[in-house]
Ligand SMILES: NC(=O)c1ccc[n+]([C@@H]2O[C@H](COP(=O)([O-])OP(=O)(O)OC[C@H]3O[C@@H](n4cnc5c(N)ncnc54)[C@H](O)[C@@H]3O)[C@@H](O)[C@H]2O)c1
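Shown here is one chain on its own, the form predicted on its own, set out as structure tokens.
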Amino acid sequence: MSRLRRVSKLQELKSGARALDSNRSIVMIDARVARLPGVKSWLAAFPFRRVLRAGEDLKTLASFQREVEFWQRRWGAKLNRDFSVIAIGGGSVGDFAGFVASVYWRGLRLVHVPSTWLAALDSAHGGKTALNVGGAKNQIGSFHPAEEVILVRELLAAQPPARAVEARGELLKMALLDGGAWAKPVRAAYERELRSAAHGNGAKEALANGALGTAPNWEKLIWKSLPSVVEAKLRVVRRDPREQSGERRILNLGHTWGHVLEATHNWPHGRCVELGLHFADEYFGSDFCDETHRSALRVLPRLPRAQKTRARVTRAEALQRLARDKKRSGAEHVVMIQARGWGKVRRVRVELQSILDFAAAEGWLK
């Protein structure tokens, strides 16, 4: 399982006992990160480096072939199995670089240096790599855990504050799953923000920007919570490292409806997961849910109506996405994960038709 290291600045990885070996590393870095002050000079010390244009278009078989052919043509015999791949970027760069590392010479060591809050919270941990095929996300992949994940404060702080707001859905998900002491300030901050939005304090501006409220403290809160979030996720991954027992499925809390919104609106993943958490919370507290699984109490505070209205999709769009969901089990069921309280979560198989009927009745559909 990956080691976790936190440093303040990228330059701290240049010297010392745990410095990255510039002569035995292939750096694969997001072009936007490569342009940041201080990164360019640090990067110059690595003779084997690739600057990539991040995004889902990177994660293709054609990109993979071009990448490997470049390595062979440009570096050839200079490379050997003692090299490591250092992935610096968000989720798409991590997925792509991780896949290349997992199959080149049947596997090179991998180091993740996430540059986005979302990657730092989620995709850099757990060992998944992926490519897209035929317009469908993550259809080809491997399990290739990084030897080390390095969290660099200056890289994460270089993002606009809005990126922390967009990522907090994954933070809330892990707080719900784990429910430990670290989750209490996360829960309190989120509840205060929703109450503020519901009463109109800054809500117009926040909702116009697609957020539930302002986020002056979310960057600090995420940074402080990261070690606990990562350990909480890895506890789940250790029980089901290759997704064989089904235990790892609880990490899909909020993703059933979240993926519908992500595919339809093309919104940031974390934002869609946050809305998906509310969808599941509402569903399991409604009469549309089977009595066996119905919750007596809601876990999350009520979502402002304006936010739900902006997130609406058509029934056809929802059906198309749910029918393709990888968590689908059988012809008529979808695996949805229910939070019965902070730290109390279970997997539940529900009727697809029931989800759609609930969405229509509760204002999630147009």
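Note that the coordinates shown come from a computational prediction; the quantities given were computed from them, not determined experimentally. Residue numbers here begin at 1 and follow the sequence given.
FYI, the form predicted in complex with this ligand isn't displayed, but the following is about it.
- Task: With heavy atoms only and a cut-off of 4.5 Å, decide whether residue 91 touches this ligand in the predicted complex.
- Result: Result yes; residue 91 sits at the interface with this ligand in the predicted complex.
- Query: Quick one: does residue 84 come within 4.5 Å of this ligand in the predicted complex, counting heavy atoms only?
  - Reply: Residue 84: no, not in contact with this ligand in the predicted complex.
- Message: At 4.5 Å between heavy atoms, is residue 133 in contact with this ligand in the predicted complex?
- Response: Although this ligand is absent here, residue 133 would stay clear of it in the predicted complex, with no heavy atoms inside 4.5 Å.
- Query: Is there a non-hydrogen atom of residue 159 within 4.5 angstroms of a non-hydrogen atom of this ligand in the predicted complex?
  - Reply: It does: once this ligand is placed as it appears in the predicted complex, residue 159 has a heavy atom within 4.5 Å of it.
- Triplet 115, 118 and 138 all within 4.5 Å of this ligand in the predicted complex via a heavy atom: Heavy-atom distance to this ligand in the predicted complex: all three under 4.5 Å.
- in the predicted complex, the one of 36, 306, 319, 45 near this ligand [non-hydrogen atom within 4.5 angstroms]: Contact with this ligand in the predicted complex is made by 36 alone.
- Query: Which of these residues, 102, 252, 123, 225, gets a heavy atom within 4.5 Å of this ligand in the predicted complex?
  - Reply: Going through each option in turn, the one that passes is 123.
- Heavy atoms within 4.5 Å of this ligand in the predicted complex: which of the stretches 65 to 73, 311 to 319, 47 to 55, 333 to 341 has them? That would be stretch 47 to 55.
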